[in-house]
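Shown below, as structure tokens, is a lone chain in the form predicted alone; questions about how it binds or moves come after it.
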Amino acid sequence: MEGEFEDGDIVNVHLSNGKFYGVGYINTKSKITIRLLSLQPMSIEQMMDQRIAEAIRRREVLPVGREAHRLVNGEADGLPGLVVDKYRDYLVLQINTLGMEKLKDLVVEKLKKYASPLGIYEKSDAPTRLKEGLKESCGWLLGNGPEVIYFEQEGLLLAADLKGQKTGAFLDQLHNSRLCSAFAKDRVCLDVFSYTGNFALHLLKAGAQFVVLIDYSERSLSIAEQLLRLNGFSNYQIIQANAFDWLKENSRFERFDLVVLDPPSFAKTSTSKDSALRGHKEINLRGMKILKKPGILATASCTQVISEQEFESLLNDAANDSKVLLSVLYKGGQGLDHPFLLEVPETRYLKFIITEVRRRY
């Protein structure tokens, strides 16, 4: 590394023998001091132009929703600290690092060039920004648009709430909700941590007899109810409640044929990992108890600090405590538009498992 710099600046990195190693941005306050952008000497203008163009072309050949999908997925697209999601004619971006914050204007310029959106909304409200010395930043960077953006996905009307979680919708779960719906026909289902109803809507479309939605957010549930009505469904019940409390109070009786557990991240750092493991085990144990046997449990974890192996282990522990057997029918993660790097395990954050829950023989 050479020359003087300020945190967030682009720097050239050299080996101890003086040989050029790469280009990246630096933040001495971050646990990752330098995030590399290129191993080749190139201008940031050139790099940003190339990476955004490549990310968009990469999605053009993928079997993902045309109206809504992830356009840029951080490190996996060579743009650490940047997430961009497309919702119809609008883009929602999230910046999580100081270096990318300083490149925001260039990001917007290239998104305009290659995606031609009607508007670009910034939803940079992740807690990780605090570690980078950044404050929350939300608002329209280009044009203007609605607070709730509706989009169609395989005949279903869904929504992204710009005042809600992530970039407005959980696009990483669309593929999994379709897979889960294959088990829904004529079943009584429970969607826990339902948010705006992605899983519930897919279950009902596939012929579920009845679906109960549980979430703590009144706003999210009001959007979910609107979507349920707009899609023509009436066989549902919406309950505003703390999911942990509700499951604890109601898991004494086997009431449901299919249970979906799609909680938010339970830990942002490794210091909270033990608490996150306990939280995941608790909700899965309760989910198993509330299921009729045999029944279907579809369960997820987006907690980055919990590995796939640890998630499976806690599910096995919960099954042993519940005196049931788990037969895994499907195991996966985030959708195709959310690629990950094998050399960066943190980019493979989503774990999703569909199991049949049976009584022990």
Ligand SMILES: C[S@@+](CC[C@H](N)C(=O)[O-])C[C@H]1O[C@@H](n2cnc3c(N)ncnc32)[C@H](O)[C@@H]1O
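Numbers follow the displayed sequence, beginning with 1. For clarity, every value in this text was computed on a predicted model and none was experimentally measured.
In what follows, reference is made to the form predicted in complex with the ligand, a form of this protein that is not presented.
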Contact residue in the predicted bound form, chosen from 222, 209, 165, 250 - any heavy atom within 4.5 Å of the ligand
165
Tell me, which of 97, 173, 181, 73 has a heavy atom within 4.5 angstroms of the ligand in the predicted bound form?
173
Choose one stretch from 120-128, 190-198, 250-258, 81-89: the one whose residues place a heavy atom within 4.5 angstroms of the ligand in the predicted bound form.
190-198
Applying a 4.5 Å heavy atom distance criterion, does residue 232 contact the ligand in the predicted bound form?
no
Close approach of residue 215 to the ligand in the predicted bound form, 4.5 Å, heavy atom:
yes
Answer for residue 114 alone: is it within 4.5 Å of the ligand in the predicted bound form, judged on heavy atom distances?
no
Answer with yes or no whether residue 157 is in contact with the ligand in the predicted bound form, where contact means some heavy atom within 4.5 Å.
no
Taking heavy atoms and a 4.5 Å limit, what residues of 229-249 are near the ligand in the predicted bound form?
241, 242, 243, 244
